[in-house]
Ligand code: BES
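Single chain ahead, written as structure tokens, the form predicted on its own.
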């Protein structure tokens, strides 16, 4: 059932320069006139006929007198590290073999290869007609295709997990994927589920997931040298979210298979880390549940005692993600990791503030924040910092418990959610919370509608810079 969720080969990229490959000319606005003058009269006529001006993202395909593709021109007037330009090119050309005529270097070359590869991503597991694009890009031997392949596979894994419907990606199937990953990379894995969660004090995870047919569970994977710096990734694994008794409208429920997008992100990032062999002791924690409705569903007004011992008043059952995360964060904090990152499809407020493409992140660690922003820019992978504004903590006050799981007003919801999580993170632990949407609302080159990995390349690049061998 899950055979399509695996480590995929990247067959659309080859190293070196093969014979009979079609050249791709990258045309900047400044060089457009010079480039055009070098063309034949018939080619110049072709350029004029298609209003090709070299603007960013424009692609023009030239053909010879036999009708075969002879060259491709692409406008690249904006960011040189834009991987999606190369997705646009790949999706605009017919099957065949190509090479980039311009000499690209370093990170620009890596992102070009990544963008080309992602143009070939398609989630077609349930389709009878599987059309596979075969546009192969030959790149310079300077390009580290192993590194590119790791980025592509980690991104594809995250997308695949989000795209798989809950009927085939519930808490048990998500655990099976984690087991596959652990087996492949020789990692240790432990899964605590059902009543065992209560015995160990993971009450919030059990409470949110107890109304579902598939038992709630906590996935705990450990990889790497115990003596290396400890990096812990925590991912929200709500495999479907009805909203619980505070039920969502039907329209809002349509894409709630993506509510385990945080888990998908940490598994994709974890795969990148393990495949690349970073010098860290990696731990991945995923509370995997379904927030369903049944006679034993938790209720607004209930009070839950968390793993940390904090009592939580349930202000809204649709704010379940922070409930399952708080036990995992408290558990992770017990060993004082050198860095802790959590990914979660946590709040609609984050989308109101930042839209669907830019995930906000929250941290009090300035070095961590600056590092993420730096690598976000380098990787052309949008992230943006938002404040952990401490005075808003009072909005989470409860008269009968230590804390409420929602704020008392409708304002600052992404911030109050992050402050709730921070309450379960140990003191002095470098920690960042990423509130990701994990979904493309419309199709763009290299980014089909559906599941998406957001901030993954930026996070991996940050970790590679900090812990790379």
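Residue numbers count along the first chain shown, from 1. In this text the structure is predicted, and so the values were computed from the model without any measurement.
Just so you know, the form predicted in complex with the ligand exists too; it's not on screen, but the next bit is about it.
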> Residues in which of 131-139, 234-242, 88-96, 364-372 have heavy atoms within 4.5 Å of the ligand in the predicted bound form?
Replying inline: 234-242
>> Please tell me which of 106, 300, 277, 348 lies within 4.5 Å of the ligand in the predicted bound form, judged by heavy atoms.
In response: 348
>> Counting any non-hydrogen atom inside 4.5 Å, which residue from 146, 183, 248, 305 sits next to the ligand in the predicted bound form?
In response: 248
>> Contact with the ligand in the predicted bound form for residue 173, defined as at least one heavy atom pair within 4.5 Å: yes or no?
In response: no
>> Considering non-hydrogen atoms and a 4.5 Å limit, does the ligand approach residue 82 in the predicted bound form?
In response: no
>> Please determine whether residue 27 contacts the ligand in the predicted bound form, using a 4.5 Å cut-off between heavy atoms.
In response: no
>> Under a 4.5 Å heavy atom criterion, is residue 437 part of the interface with the ligand in the predicted bound form?
In response: yes
>> Need the contact residues for 238-261: heavy atom within 4.5 Å of the ligand in the predicted bound form, sequence order, or none if there are none.
In response: 241, 248, 256, 258, 259
